[in-house]
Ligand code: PMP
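Shown below, as structure tokens, is a lone chain in the form predicted alone; questions about how it binds or moves come after it.
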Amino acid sequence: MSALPPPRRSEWNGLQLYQTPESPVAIDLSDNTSRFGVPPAALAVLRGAEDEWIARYPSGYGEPLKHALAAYAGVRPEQIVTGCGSDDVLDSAVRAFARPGETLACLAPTFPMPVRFAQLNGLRVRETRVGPDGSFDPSALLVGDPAIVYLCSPNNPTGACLDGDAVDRVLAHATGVVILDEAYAEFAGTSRTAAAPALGRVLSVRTLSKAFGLAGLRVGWAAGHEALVRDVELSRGPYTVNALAERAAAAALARDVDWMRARVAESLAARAALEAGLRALGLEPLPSHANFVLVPCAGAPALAARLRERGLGVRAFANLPGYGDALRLHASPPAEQDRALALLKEALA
């Protein structure tokens, strides 16, 4: 047997591991998670975990969690699919709805993971530019009848809600599946999740990592027509949501929705303060409907490195299409955010 590793799949050439921060920092505003606490009902479940939950497999496809999510979303349980974070749902959906050689169409810039999953599965990727106000050309997006159209609203990393009329045109004319990533819907106060099952070809992807503050438990989900959900589950496989996460998430959905909405209100107030603080430093954040802001800023990668040396983590983008270098920061409680702005002021100087 050869001691050499097998040849890499050609479509993987150029791909690298997803980059995570190289070291912890005192204040981390880089990942768009919630800094406003954890749902009390979820914490109670985790603290009261029973041995049997750990020793046995969880439900195969998240059946108990599906019922809780369906009640929250206003759909039926059979119209819900769960996964290990929304990345898992997106990955499974890309495999389910496109064959190697087919096309995934998306906007640029946008959340990079669907593009990565497309490359891993041998798909072609075609991008259409999106404006800071969420405007885009739906006709350009639909050229060639792509197998999958991926839309993220509010869009990450820009924070804008996509133009509603343009999204409607995509939904009306797409011949493939439309994956509508609504991870930040709670902050925007609007979503198409409840309507997705009736649209047939639309999968609305959501998460409990953002507004619900459960990023560490990795609970993602989506709503769509039963046939779409079935195909994603065939692609996904069983047992991807662990037993503790499933129980904690179901408890939060049953008892902590009002708590979550109060934390969202805090986050939006903090985002407004963050925007004002950035403008006071001579920066101009883009309008946002999420819990973060994107700030065009020359030399952003070097600035982010100086901030990390000072104990502040932010996400830096180099040559972001249409925007150039930029920083992305998420909202956080006042004391933490004020300190972050002070560190940014030092680093800018």
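The numbering used is simple: start at 1 and walk along the sequence shown. Not measured: the values here are computed from a predicted model.
Although not depicted, the form predicted in complex with the named molecule is the subject of the following passage.
When the named molecule is considered in the predicted bound form, only one residue from 136, 184, 97, 212 comes within 4.5 Å through any heavy atom, namely 184.
The single contact residue among 85, 146, 159, 109, judged by any heavy atom lying within 4.5 Å of the named molecule in the predicted bound form, is 85. Annotated contact segment (heavy atom within 4.5 Å of the named molecule in the predicted bound form): 204-212, selected among 204-212, 264-272, 137-145, 234-242.
Each of 90, 152 and 218 is positioned with at least one heavy atom within 4.5 Å of the named molecule in the predicted bound form.
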